[in-house]
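Let's start with one chain on its own, the form predicted alone, as structure tokens.
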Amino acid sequence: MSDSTSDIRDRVQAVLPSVRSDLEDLVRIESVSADPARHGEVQRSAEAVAELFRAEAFDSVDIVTIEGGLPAVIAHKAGPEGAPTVLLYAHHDVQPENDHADWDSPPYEPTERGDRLYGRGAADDKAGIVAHLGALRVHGDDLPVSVTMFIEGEEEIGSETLSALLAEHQERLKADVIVIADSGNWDIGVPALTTSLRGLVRLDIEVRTLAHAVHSGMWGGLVPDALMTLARVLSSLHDDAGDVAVPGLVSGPAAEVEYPEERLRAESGAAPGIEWIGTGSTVERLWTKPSISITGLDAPKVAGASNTLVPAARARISMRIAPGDTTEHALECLVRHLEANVPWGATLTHTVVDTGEATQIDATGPAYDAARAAFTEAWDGTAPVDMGVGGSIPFIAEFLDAFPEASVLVTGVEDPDTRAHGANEGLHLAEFERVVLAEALLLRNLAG
């Protein structure tokens, strides 16, 4: 079989109908890992993925779990003797669809509108699974490298048993190159390789000023209420420019990537007239500087509020940490700052919700050269951007730790309008074709 670029393009066209059909079948499975009532669907999804690999004559296909975890699929197909081994990662679980009324079509019925295929998991990350599958179908029985598939089943709930899975199956998962299909591209028509991701620390804090509520007329003006006290604490987290004011957190430079103002406003959903917070370049603020957001408050509702001083109030703090920082260090900095900024002798307590380490990838070496060449060919001469991600994918750090000798490539099928995790999640079909082509070319290049 010829492996020229033109022949591979032709074979991508030939396999696309079957790949899309497989994607649509997977989207119809409600594999919501966060919903215990649908864990049976997660199992059904794993079985469907395993059957897809068995149909491609993989040498071994297994559904594996760790006690208390959800099913993953590990499959292996041997290439030529002496060829490198490539691990292809994706995940088959999806986010909850939430209110169906927010969707323009049923979330679990794949629907084509315009240039997109809509449905929960149509992009994140069932498209990642079938992109891997499509690249393998392109090569057929002449696979240029050995391939191990690792399709996780609990990424959307924090990959709780991933470390244990990697440890238990380390020999089966060992590879020269790991391709993680759970990120995205810079724009329609502009590919990307993700080289940095911020980490995450989520913290619940409670401020208490009273043993119980008291009359605001009798005691207001003397006794501080918990809401005004909490507001003081939270306002200390940013300076007047909107930069994070917690001492000791790590910041770093970002790649020189232009993020046009009109695109930034459209993609962020910023209200008209809103001003940006912080200083530095746009991508530094989004990728390589820490950020702090308040994502929840526990306090009496305005409707029905009585004339009493609130004794206690709670908030959830979501802090993204820059590559180069650690969750242990960042948490220590945050707690120390909070405790130093509690006014009026109030009591502050905290509870860690969860954490995830930041990631910085050394995007140099033969595997990255092979990937950049493949992407440039697939996107007709447009070279990939080295992209940071402001969000967190903590499991990438786990792969880096578990397989320090492997080259880890992070890419994916998403684009700025994918709306992953939200209503009307959609896959841009022309970009998906380029993703399949790029991966088929990458497997060819890695063999060389």
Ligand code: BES
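Every value quoted in this text rests on a predicted model; they were computed, and no experiment measured them. Superpose the two forms; the largest set of C-alphas matching within 1.5 Å is the rigid core. In case it trips you up, residue 1 is the first one in the sequence shown, and so on.
Only in words, not in the display: the form predicted together with the named molecule, which the text now covers.
With the named molecule left out of view, the stretch that reaches within 4.5 Å of it through heavy atoms in the model of the complex is, among 106-114, 235-243, 177-185, 206-214, 177-185.
Interface residue among P416, G40, G422, G391, judged by heavy atoms within 4.5 Å of the named molecule in the model of the complex: G391. Among the residues L338, L200, A315, V250, the one placing a heavy atom within 4.5 Å of the named molecule in the model of the complex is L200. In the model of the complex, the named molecule lies farther than 4.5 Å from every heavy atom of P323.
The named molecule in the model of the complex is approached by I157, whose closest heavy atom lies within 4.5 angstroms of it. Among residues of the shown chain, E152 is not one whose heavy atoms approach the named molecule to within 4.5 Å in the model of the complex. Heavy atoms of R120 never reach within 4.5 Å of the named molecule in the model of the complex, leaving it off the interface. If you take 201-235 and check each residue for a heavy atom within 4.5 Å of the named molecule in the model of the complex, you get nothing at all. V201: CA moves 2 Å or more between the shown form and the other one after rigid-core fitting. Once both forms are fitted on their core, the CA shift for I157 between the shown form and the other one remains under 2 Å. Remark: with the core as the superposition reference, the CA shift of T355 between the shown form and the other one reaches 2 Å or more.
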